[in-house]
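Listed next as structure tokens is one chain, alone, in the form predicted on its own.
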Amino acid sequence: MRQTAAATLLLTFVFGSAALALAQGPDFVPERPGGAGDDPALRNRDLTGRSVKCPRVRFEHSTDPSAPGTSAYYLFADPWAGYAHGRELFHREFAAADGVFGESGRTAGPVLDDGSTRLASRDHVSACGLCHNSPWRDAGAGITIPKNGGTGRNTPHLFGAGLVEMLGWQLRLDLLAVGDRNRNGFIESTESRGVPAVVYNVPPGEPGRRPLEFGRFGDGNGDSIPDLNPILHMIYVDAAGKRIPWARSLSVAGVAGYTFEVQVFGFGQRGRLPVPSTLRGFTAQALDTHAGLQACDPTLTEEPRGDGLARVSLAGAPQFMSAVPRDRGNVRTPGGISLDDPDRDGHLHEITDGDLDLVEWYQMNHPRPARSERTPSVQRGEALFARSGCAKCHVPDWRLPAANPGAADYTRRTRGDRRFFDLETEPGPDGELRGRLKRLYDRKDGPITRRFGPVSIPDIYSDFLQHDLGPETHQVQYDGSTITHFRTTPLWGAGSTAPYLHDGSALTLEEAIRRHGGEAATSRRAWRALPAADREAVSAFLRSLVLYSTEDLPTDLNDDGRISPSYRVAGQDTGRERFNPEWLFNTPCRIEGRVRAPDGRWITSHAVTNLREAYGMHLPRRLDRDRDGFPDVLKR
């Protein structure tokens, strides 16, 4: 041991940080926690303060916020640090030692119609942020990836993703309220047969209310499948409401009815192949398929009532059995580490349920997109957009009710707004976007208490139905079968997220509109009939729906009604007041401040000088003394 340490020190002294990485093995991936005062050969620097800072130590799941360093502690006792930890997990470039690329080059996902071809190729990125990368260091939009067919799938952004997830759960409740007349928890095979599955985007009496039809309940056309929009993934159940895992239609022996989940994420895919409808489920599947990292998560694998619903996550989102990960944790060490290793790459328990708690928390609370300046042209384009019929599918606004956990009718047990903050944005006098932090929680002593109030979702522009837009948008899959229906893409952020459509094949907004046929043919004709100046106004409106770099957004953090040019944190001037969650930790991050850089210039270093204390790396349930990536408490 002493000889190895001495050799490492000598290599470092002679050859620098590259030798240090070599001496520690090919799987060593250093983070960037260092500042101007650190020897860069020993401690990687990042004076911008934007890089992933903390070493990879898996998070321990807990439901007790008083257990320092667990996921519950970070969600409810130090929620801004939890948000930042979730962001680091989203953007972390995992190393081979973490288990990435265990099945690189193989195909994965559900089997297509030919019974053999798989949906996607495996293990092509080491971080979520390598695809969701625009804006950089946010859960943004990104590249087109190999999935479904040779034309690929475009990476959507996750701004406002928590609101989309909440909307999906509310749609499920609203539809069940219409179809489940006897309130036994599912829709019986003949119950409500032929009844339109109609819900509304806003409550009665509010402007913009419109009916949205998700098909009809029951099997009217005799194909043994409920006549409902394919955005709903069917869960077939027996007479006791228990899920029949192998059932794919109403004609399977023992099937007495069905329930469903609303697949609000993704573009949709052929037939009844499920797309996870929760952030947690989607993340677990993406980490496995795209990075080769399997999650071991009882929240997704346990089915308490046998009805297709898994457990409720720590953040408060009900989960579905459609997103069960491969690592079931059937065999564990005494300390709780799963020995299953589904991809047989020798790396165990690659993603913990605590990790998913933090990533889900980050995505659930990720700020929503913004509207840039509403110029006369933009306002005229918005009116023309609606007049052309585009807003029939691209529904502008939604409202969700406050939590109502005590409702007698299960379909009225709403969950409200589960976020702990909202970031309101508007353009300033010069057109620059500015933010105002709105806290959605109360706190006296101890953990936060979220308010779970009603929530408005303006300018999202989607009905969350799947539509057939004609042959110009159809996608031939790898096996030759064709996807004809796609979810109405929410337009918020559209001005920042070229290219467009499910396969990224439309490079401009105008091209995407021209490709609309089928159910949108009338709207396309109306748009084409507009004079060129009016078509440009429509494009100007769409370009006004924007994303932004959250951490660069000038923001009123302390609710004093102004954005300070010299915002002070921990006694230091940090520059212009902006949305940086590190300023809001229980122990705010202290920056290094004014330093001389290697090129001789004076700069403000945003490297954190109290990293261990601020991020909680010193807490008892985060300590990893042997640096194997597991906290010591999970090894006992």
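So that there is no doubt, residue numbering starts at 1 and follows the sequence shown. What you are looking at is a predicted structure, and each value in this text was computed from that prediction instead of being measured.
One more form of this protein, predicted in complex with heme C, exists but is not displayed; see below.
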For this session: Can you check 390-398, 210-218, 434-442, 306-314 and let me know which stretch has heavy atoms within 4.5 Å of heme C in the model of the complex?
Result: 390-398
Exercise. Which residue among A84, V378, L163, L501 has a heavy atom within 4.5 angstroms of heme C in the model of the complex?
Worked result: L501
Seminar exercise, completed: Picking from V455, L547, L491, L228, the single residue whose non-hydrogen atoms come within 4.5 angstroms of heme C in the model of the complex is L491
For this session: Look at the candidate spot formed by L47, M364 and W583 and say whether heme C comes within 4.5 Å of a heavy atom in all three of them in the model of the complex.
Result: no
Exercise. Hey, in the model of the complex, is R122 touching heme C, heavy atoms inside 4.5 Å?
Worked result: no
For this session: Indicate whether heme C has at least one heavy atom within 4.5 Å of a heavy atom of A286 in the model of the complex.
Result: yes
Problem set entry | heme C contact in the model of the complex: S523, any heavy atom under 4.5 Å | yes
For this session: Answer with yes or no whether R450 is in contact with heme C in the model of the complex, where contact means some heavy atom within 4.5 Å.
Result: no
Exercise. Which residues in 536-565 have a heavy atom within 4.5 Å of heme C in the model of the complex?
Worked result: V538, L542
